[in-house]
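In structure tokens, one chain follows: the form predicted alone.
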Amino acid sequence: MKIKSTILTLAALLFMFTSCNNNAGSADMADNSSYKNKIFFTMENGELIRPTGYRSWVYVGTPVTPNDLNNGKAAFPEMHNVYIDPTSYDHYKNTGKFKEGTIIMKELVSVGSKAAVSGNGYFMGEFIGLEASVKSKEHFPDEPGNWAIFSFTQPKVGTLKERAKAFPYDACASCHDANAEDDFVFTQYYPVLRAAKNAGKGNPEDVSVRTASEKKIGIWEASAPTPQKKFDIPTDEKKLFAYLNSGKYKSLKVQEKEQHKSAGPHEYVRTFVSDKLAKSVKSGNSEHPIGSYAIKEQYKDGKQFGWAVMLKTGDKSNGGKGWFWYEATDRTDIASKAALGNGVKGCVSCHSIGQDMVRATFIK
């Protein structure tokens, strides 16, 4: 009897355990089912309510542009821990597109120590801010790509705002529009997203491949050769850098009188245009002649620190490949450049809306 009773008790416990597991499984399935369509943000009266729990989302990377590498004046010197909501990550993995309702969180972290037992580097300090990017046609029907960007950061107070209004397009999203590789998202800096795109079922991180079979051209690299011929300004990097520092371009007749806020990703600029290009723009030409060029001085805090140059090197624009592009971000250091060569996608993406890549509106 005792043995039989023990067997019955064990059977009952096994049944209870199995039932509990089945119930848990059903609950998990129900959660997963609702999770697939879950929206991870809330809008009220045109403001984004600060999302929570994002550190358990899918982490995509931590870019940092420290002051040390940007002449002590980096626009974003802190580390950016970036997360995407899991629903949108799965959708991107299966379709290669960012879905309606995608939210990407960017948690700002100060650069802490620059030395560790492993060596010198940049190590995380303290949490100092929080930003979000949201894609929603419902809430932002008139914004390019239906994206809006928000900040909850209050550095002087030391706390985060509970809600935030979207930045104006020109303040933030215009830079994403012009330079981000995939629908306002800088996937060129996030290998997690690049690996996930169109990966389909399974986990991209589980595959053994760790390097691409062929090099992918970055958006700030030349995508076409520069013709080896003589123009009014040099295309050789050293000669061009010396020419710009000489200030000879300041004698061009067509030029802006003073610096002003840039319509693109640059902060403040002043543009100088060659006679050939000015004449072509005035004539309304859809293709500017070979040798046309413009030089844009770049300013920050009232001081000129660099240049952006565009030079027509081909008969046809050819999607920007017929243009030579150069951007120096420090007038004292030739190594500090953002672009050099023909067909630089980062430059073309911003200039493609212009008259054969030219966006200067002051030419009359």
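Residues carry their position along the shown sequence, with the first being 1. Quick caveat: nothing in here was measured; it's all calculated off a predicted structure.
Here the subject shifts to the form predicted together with heme C, a form of this protein not shown in this document.
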property: Non-hydrogen atom contact Phe76 with heme C in the model of the complex at 4.5 angstroms; result: yes
property: Heme C contact in the model of the complex: Phe150, any heavy atom under 4.5 Å; result: yes
property: Any non-hydrogen atom of Val82 within 4.5 angstroms of heme C in the model of the complex; result: yes
property: Interface membership of Leu48, heme C in the model of the complex, 4.5 Å heavy atom rule; result: no
property: Among the candidates Thr235, Ser280, Asn146, Thr271, the residue which, in the model of the complex, approaches heme C to within 4.5 Å (heavy atoms); result: Thr271
property: Heavy atom within 4.5 Å of heme C in the model of the complex - the one residue of Lys135, Arg194, Lys93, His176 that qualifies; result: His176
property: Stretch in contact in the model of the complex with heme C, which is absent here, among 66-74, 37-45, 320-328, 51-59 (heavy atoms within 4.5 Å); result: 320-328
property: Joint contact, Phe186, Ser262 and His266 to heme C in the model of the complex, by non-hydrogen atom at 4.5 Å; result: yes
property: Residues in 220-235 close to heme C in the model of the complex, defined by a heavy atom within 4.5 Å, in order; result: Trp220
property: Note on Asn179-Ser352 C-alpha separation in the model of the complex, which departs from the shown form by 3 angstroms or more; result: closer
property: Cα separation of His176 and Gln355 in the model of the complex versus here, shift of 3 Å or more; result: closer
